[in-house]
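So this one's two forms of a single chain, laid out as structure tokens and tagged structure 1 and structure 2.
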Structure 1
């Protein structure tokens, strides 16, 4: 799949020398969303080469930056095409573009437009005035859901190996009770890991604003506990034996940190976490996740092979 569009100057409708110039990234979705938001308008779209990356990420990397913008203004001869000296940039280009430097280097004044392209018609019709809502980056549920698959792919790559190991080990540990019982144990282990992934990778992002705590790991502990309760309900009859009880303690110590870890990883997809905050969270969360998980795994092995 090719997610890039050719960088350069595009005409939307029939623009002339007075028409506004909008700037965007050469990620196909950025470009398409922009075009789709402006039906029936006549304007110029200047597409920067951001290596197929969206505006915000490219601005963070600096590829949607002052130098690239000034270069595109020159290489497309913008001074000869429009008589005004104004450019409308998406607000989220801010981390990469220094408006005052663009002005100094190219003579063009940068006007930061709204964050969302869907607000552009209102922005253009109100003489380039934004409302406070247009300037606020939200993180609505649909956007969070859209980001789940890409995060889950990573989780499942590791998760599949872990699921297989747990399945094989619990099969081997219980094969003395017959192959049907061993299979049952193996599937239960696989289900438990799967639930931990669902808890941290799906439930936590979806329920994000409603979960207690600010740290994502804490949010993941709550969803992990929900997943653990679900698993527990399957095994209530197993609690009569010492091995059964030990196994549930082990799953508690496994499911919660796995879920917390995956929820913590969703910081990268979120639109409001700072690097300082993530580092602070990780300083206590990662040691906790690793030690709880290790202890859980040892107790689980004990429940399978010793008791």
Structure 2
């Protein structure tokens, strides 16, 4: 996540005062993909300091914004380097940049290019004209799957600690029933947490278009219910011992909010919502998830140590 380049003005090929100026983020993959898409071209690349975040996410967070763009124009002396007054920005930078403010403050006109860097050669050769396909952002299953590994890494960093805590507490709470039974309870708890992570971190993005609701938290609740159904089937088939009704209610209140919370991590990478929509959803979804999770944990403790 600290994969970044220095902000500033870069030369691709042998640009001169008439060469186009393309603007991008200082996330290194964004910078590399831009250069790879333009072999044999002579142009300038203005890199903004987006704190190592890609264009779309940085625009939503405000780091790829009007103030940063104007600052980089001035600090790199762009008015002395190029004779024209045009900047080509990726379309996904739009949420963070007010083009009229940039023009007012710097004198440079903002031109929004295509969404994908691979379309830039055609865009430049057609005198900065885009086609409808260049303006369309899709989110097919392969793109959704590509996001899963990094989300799982983040989820498992905290998840392994949680799994360990539940395993130990479950084992200690049932050790009076014998070592085998206590171990079975501990493994069942670890499996339940693992299934919650799989539901929110894998099932939610894979099944995204087919899950009900527009809010990601609702979609995550659905995959959480699928995971809970699997756990319930695991119990009913006799593959665990002693998981009573109260404990299963507790797991229902734990698995669903965990899955819903993890599913919300994909909001910033999707075409399904906006920054304002994400903020609105978080205001009601996160308190609900915390409340349900706390209640579930208390019921689970009661099932282990009291009843």
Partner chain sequence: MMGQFMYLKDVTTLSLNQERCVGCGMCLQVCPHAVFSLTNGTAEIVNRDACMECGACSRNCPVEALIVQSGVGCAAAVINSLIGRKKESCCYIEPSGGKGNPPECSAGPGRSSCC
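Residue numbers count along the first chain shown, from 1. As the structure is a computational prediction, the values presented were derived from the model and not from experiment.
Which number belongs to the form predicted alone, 1 or 2? That would be structure 2, which is the form predicted alone.
| said: Assigning every C-alpha to the better-fitting rigid part between structure 1 and structure 2, would residue 35 and residue 141 get the same assignment? | reply: No: each lies in its own rigid part.
*asked:* With the larger rigid part held fixed, what angle does the smaller part turn through between structure 1 and structure 2, rounded to the nearest degree?
replied: Value for the rigid-body rotation reads 23 degrees.
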